[in-house]
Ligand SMILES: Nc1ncnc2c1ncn2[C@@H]1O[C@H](COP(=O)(O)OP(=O)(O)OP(=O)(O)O)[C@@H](O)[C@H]1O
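Presented as structure tokens, the chain that follows is alone, the form predicted alone.
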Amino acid sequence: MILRLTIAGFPVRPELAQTLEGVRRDSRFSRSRIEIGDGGLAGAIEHYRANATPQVLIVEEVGDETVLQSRLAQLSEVCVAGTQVVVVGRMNDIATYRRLLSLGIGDYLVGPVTPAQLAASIETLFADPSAAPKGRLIAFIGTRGGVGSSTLAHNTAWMLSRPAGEEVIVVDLDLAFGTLGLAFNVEARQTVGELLSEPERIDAQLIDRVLVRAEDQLQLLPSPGMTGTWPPVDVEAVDKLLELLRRMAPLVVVDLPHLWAPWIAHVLEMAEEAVIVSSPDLPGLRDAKALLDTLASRRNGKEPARLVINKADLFRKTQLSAKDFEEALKQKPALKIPFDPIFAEALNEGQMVGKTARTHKLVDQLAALAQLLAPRHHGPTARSEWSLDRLAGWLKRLKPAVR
């Protein structure tokens, strides 16, 4: 099993640092990103006060059980739910081991550990196929053609890939008129249209060969961008493609065309975040309401679809305001983005706004949208999650024994 994970290790002793280097060279983790810090459990706590936690966090603690208890409580306050934590300690005690596992810790290993032992521990965390980490799916769709949905999808994806180094894959599902390749000035080896036309061939190896790397943490799957004859898009083919992509990156951004079909409805239903982009006019309001009403009962407990008003203030005298949208839809727009030619200028240069105009006021708005859609997120992992309440209860029960 080849795992694509974000892994961070915080050793205290050089032996564990060498073990982490050994795991990094293991072929099973060839697609994983492994970062090595220092300072052990205390160092991890300090680091993740200001940074997002990875899918797997390996921490070493050489203190006694009292120190371990205290620092784990602090770690739980900065750890994103779903992060698998592996603790390497010095206490060879079955009771301690069981208590840690009952709290949701992924595994407890008594140091020193070998690369094979640590690799096996990580692999066990994801041995169940249903436990394999799945990336967060973010889908953009416009209420009408030309409202700027694709531009916002591209720029938001770029923002999500920076500066923390989050791996992002962008998929352009507008087979006829997609602009992903133009937006990033890249040429596709093979397009998403070709993949979907032969769904039986879709697998992780093929996708890995087809993806185009635009930047260190940003990969693209462009559309053909041509009005050729394509077979009807099959829901199962799209589902298979996106499920595989979600195993390959913690964040997957999908740009959907402005049309309605079963496969488009399926993507909007399965996405963790669905973003509806509308122009500030009556047709935009009507179509936004239709989409929001349709998705309200079909997203199975996920976040309601978010509304973004784009190209605001282009026609100030005739446009509808954000308040008009809020009153009609009973939902406050997540963001109102003014019309600005900087978007067209950046597109003509094959660049993102944040790259061509770093100090432009729109950069902050795009960053805010990215943060809204994926706050401190590193892909849901499985089996168990941190529980601060359970940890606090455990510490309370043990408090009389701590002097």
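When you see a residue number, it is the position in the sequence shown, counting from 1. The structure displayed is predicted, hence computed values, not measured ones.
Below, we turn to the form predicted in complex with the ligand, even though it does not appear here.
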In the model of the complex, does D340 have a heavy atom within 4.5 Å of the ligand?
yes
is_contact(L347, the ligand) in the model of the complex, heavy atom dist at most 4.5 Å:
yes
Contact label in the model of the complex: P283 to the ligand, heavy atom within 4.5 Å
no
Does at least one non-hydrogen atom of E167 fall within 4.5 angstroms of the ligand in the model of the complex?
no
Looking at G106, P224, G111, G148, which is the one with a non-hydrogen atom within 4.5 Å of the ligand in the model of the complex?
G148
Name the residue from R144, R162, R90, K240 that puts a heavy atom within 4.5 Å of the ligand in the model of the complex.
R144
Which one, 22 to 30, 35 to 43, 54 to 62, 330 to 338, holds residues whose non-hydrogen atoms are within 4.5 Å of the ligand in the model of the complex?
330 to 338
